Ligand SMILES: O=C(O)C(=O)C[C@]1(C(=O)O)C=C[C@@H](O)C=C1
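Only one chain is given next, in structure tokens, and it is the form predicted alone.
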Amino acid sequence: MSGSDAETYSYLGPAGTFTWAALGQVPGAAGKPWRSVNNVGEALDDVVSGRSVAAMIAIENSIEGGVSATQDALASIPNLRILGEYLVPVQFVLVARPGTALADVRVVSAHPVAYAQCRLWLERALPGHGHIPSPSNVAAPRDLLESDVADAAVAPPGITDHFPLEVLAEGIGDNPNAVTRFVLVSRTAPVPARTGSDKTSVIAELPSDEPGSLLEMLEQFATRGVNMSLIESRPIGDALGRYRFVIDLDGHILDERVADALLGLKRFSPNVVFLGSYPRADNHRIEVSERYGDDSFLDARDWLRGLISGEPS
């Protein structure tokens, strides 16, 4: 890896996308080279090949749920680690070439996910409009300057800082509270110290399709007091009915309850991918009852050692 590659960060571009905004929250990326890519696969390939030290990718949306392309890529590409998560409010504006009025709009260009999140507003404001899919939230407004196929585009706020366009309407998203969660992914590295406000991400497969298999996997966490903040299934792809599960846990791998749950999961599942333990974006401190605290696990282990060594009770 060259010196410049060691400092380069990849993101879904071009400048102005929500991914670009998420990368702007990373202190270590400030002043370093940023490499714009076209999709998640290209971003992670940059990391694996050493072209970039890390990549910012979207992994979950509060409206659409998990980003399947990201989940599948993290499951299939080895030796990746999540370094941190970042939250970006998802709001949209409708932009057009200068001189265009809202009443003139017949065709709207938009990324399919953005279009889905603005569909109700667009149907109310522009009944009968047509939609042209765009590869990104910045490509849509940029293409207005290169083609007249579309009259307007759905774009992130602030897009007029990058292109000479006019805002026809603001706040056109159907859910004003929509948020996208991004993760910064690098190659395998030592686990960072726990902060008390952490999240652990794993991907696991069931050993069989027998009744109760999913319940048995979930019990690995429930019996140790580990809360799951996310669990989603994704097809493995080798046969119908075969699924892997993307799981986010409240806590850090250095927390005794989480470590013990992961040991149980490893004994149970034929394939466990550890994606990392990292600070939560919301800084929410994880509270657990006393029986699931570190001291309880350490005391139980000392008790067992005492029994084995013949120490008096």
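What you are looking at is a predicted structure, and each value in this text was computed from that prediction instead of being measured. Residues carry their position along the shown sequence, with the first being 1.
Beyond the structure shown, there is the form predicted together with the named molecule, which is absent from this document and is the topic of what follows.
Undergrad: May I ask you to choose, among 111, 199, 142, 224, the residue with a heavy atom within 4.5 Å of the named molecule in the predicted bound form?
TA: Selected option: 111.
Undergrad: Report the residue, out of 105, 203, 90, 95, that has at least one non-hydrogen atom within 4.5 angstroms of the named molecule in the predicted bound form.
TA: By the 4.5 Å criterion, the partner-contacting residue is 90.
Undergrad: Please check if residue 18 has a heavy atom lying within 4.5 Å of any heavy atom of the named molecule in the predicted bound form.
TA: Yes, residue 18 is a contact residue.
Undergrad: Find out whether any non-hydrogen atom of residue 220 is located within 4.5 angstroms of the named molecule in the predicted bound form, and reply yes or no.
TA: It does not: once the named molecule is placed as it appears in the predicted bound form, residue 220 has no heavy atom within 4.5 Å of it.
Undergrad: Look up in the predicted bound form whether residue 71 has a non-hydrogen atom within 4.5 angstroms of the named molecule, and give yes or no.
TA: Because no heavy atom of residue 71 falls inside 4.5 Å of the named molecule in the predicted bound form, the answer is no.
Undergrad: I'd like to know if residue 37 sits close to the named molecule in the predicted bound form, meaning any non-hydrogen atom pair within 4.5 angstroms.
TA: Contact with the named molecule, no.
Undergrad: So in the predicted bound form, are 49, 76 and 186 all sitting within 4.5 Å of the named molecule, heavy atoms only?
TA: Spot residues vs the named molecule: no contact at all.
Undergrad: Which of these stretches, 163-171, 129-137, 233-241, 207-215, has heavy atoms within 4.5 Å of the named molecule in the predicted bound form?
TA: That would be 129-137.
Undergrad: Judged by heavy atom distances of 4.5 Å or less, which residues of 176-209 approach the named molecule in the predicted bound form?
TA: Those in contact are 180, 182.
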